[in-house]
Ligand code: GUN
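Given as structure tokens, the chain that follows is alone and in the form predicted on its own.
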């Protein structure tokens, strides 16, 4: 899909196509659409990320709370968004053994209790061995630092999702 097609989309089509660039946050796509025309993929990315950056802390935490737990209940129940399913699968999280799932569930719970939102990694950009180690490492970060780190991961995820939608493989993590 080219940028001209993106710029010509009506409201409903734009939100349908880009509504999950930021996990389960179609209102962000709705707000970004009003910033048309976009000059290219990078310009579109910048509008998504500028919107998220401009949110108050409570809004940023809300964006993070829209993300599912890694290898959590939603994965087990088949309730992940198509994008999250692909990302968790690419990271090997759909094939964890019972002990690994239990250990990751405990880490997810500890992380949520400490920060108030789920652990958000750009799972697709990591290997299976690295992903479960990250919540244990990041649990020790100061809350403000972790909020910033998690939002950075949301941007990596969004960048890859936009590149997928626009058929561009040039976007870097």
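Residue numbers count along the first chain shown, from 1. For clarity, every value in this text was computed on a predicted model and none was experimentally measured.
The same protein also has a form predicted in complex with this ligand, omitted here; what follows describes it.
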Next on the checklist: 67, 84 and 123 - do all three of these have some heavy atom no more than 4.5 Å from this ligand in the model of the complex?
Outcome noted: yes
Checklist outcome for this item: Given 112-120, 134-142, 36-44, 53-61, the stretch touching this ligand in the model of the complex at heavy atoms within 4.5 Å is 112-120
Next on the checklist: At 4.5 Å between heavy atoms, is residue 161 in contact with this ligand in the model of the complex?
Outcome noted: yes
Checklist entry - Is there a heavy atom of residue 150 no more than 4.5 Å from a heavy atom of this ligand in the model of the complex? => result no
Item to check | Partner proximity in the model of the complex: residue 21 to this ligand, non-hydrogen atom cutoff 4.5 Å | outcome: no
Next on the checklist: in the model of the complex, is there a heavy atom of this ligand that lies within 4.5 Å of any heavy atom of residue 25, even though the partner is absent here?
Outcome noted: no
